[in-house]
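Take a look at this one chain, the form predicted on its own, written out in structure tokens.
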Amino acid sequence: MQPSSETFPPPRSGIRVRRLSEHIGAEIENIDLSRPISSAQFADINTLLVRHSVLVFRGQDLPPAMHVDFASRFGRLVGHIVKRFSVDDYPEVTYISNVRNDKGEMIGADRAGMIWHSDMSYLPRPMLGSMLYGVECPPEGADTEFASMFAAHDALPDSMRALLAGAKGVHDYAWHYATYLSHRKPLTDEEKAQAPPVSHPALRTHPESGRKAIYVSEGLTRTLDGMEEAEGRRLVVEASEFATQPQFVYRHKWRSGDLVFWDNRSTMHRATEFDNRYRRLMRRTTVEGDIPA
């Protein structure tokens, strides 16, 4: 679907809003995130995040300090388990990057998030939202796709809904890392211990809107709790593939200076491929959420 020209008058703060697809995504204009936002802007952005699940802020000059300032308005920030990818002096900010330092080591998580997932769903309190900022973006490729778990839930066939209702997904970071990130340095025992497998409802209720969303993903949900491993895994993949059909997806084409803020409680996302001869340098913050119910 092409972006909609429909606009929503903001209730208080003067920001402008443009929908990006039928089910998910809105571009937010007339706001400068290099300065602290007002209470009215915060209230509007929070409301719009719940409504649209993905918010795009173009053309932002966002140094790490202001990235942290903006993100922390929405809750406690949680850094990545792999601390070597943290930004100097800002442990709650993570580099997503293919750039190497003087020692030839990757400064950030390279080829990260290329399987559908919801950020840090493997924690007891997964992330409310994530903010990714484009410092250097390849001229082509490296898009990010976002899928509406609200819309996918509402369209579930009765048979799949019955299988997922009452079920719990097993979210397992060590399994994810070994399965999809074997090109990286292995996790240490200490890193593995920070994120033992956890179980969350396969269908969760959004704490602010009350809407139901699918909450299993191919990338981080290993299987369904209490089910034979292979059969549970089959159902996880089937649900994830259903939820990420094109009609539920917005694909973001990055420009340097973009900040994208998404709601992990109602979306899944994945990065797309790009030519590794191009530099890619992104900064991410993640905001802690509630225990899924």
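Owing to the predicted nature of the structure, the values given are computational and were not obtained by experimental measurement. One-based numbering along the sequence shown.
From this point on, the text means the form predicted in complex with a small molecule, which you will not see here.
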Would you mind picking the one in Met127, Ala202, Ala151, Leu132 that has a heavy atom within 4.5 Å of the small molecule in the predicted complex? Leu132
Sole residue of Ile81, Ala167, Ile96, Cys137 within 4.5 Å of the small molecule in the predicted complex, by heavy atom: Ile96
Looking at 32-40, 240-248, 49-57, 262-270, which stretch has residues with any non-hydrogen atom within 4.5 Å of the small molecule in the predicted complex? 262-270
Using the partner position in the predicted complex, report whether Glu218 sits within 4.5 Å of the small molecule, counting heavy atoms only. no
Tell me, yes or no, whether Arg19 is in contact with the small molecule in the predicted complex, where a contact means a heavy atom of each within 4.5 Å. no
Spell out, yes or no, whether the shortest heavy atom distance between Thr144 and the small molecule in the predicted complex is within 4.5 Å. yes
Quick one: is Arg222 in contact with the small molecule in the predicted complex, heavy atoms, 4.5 Å cut-off? no
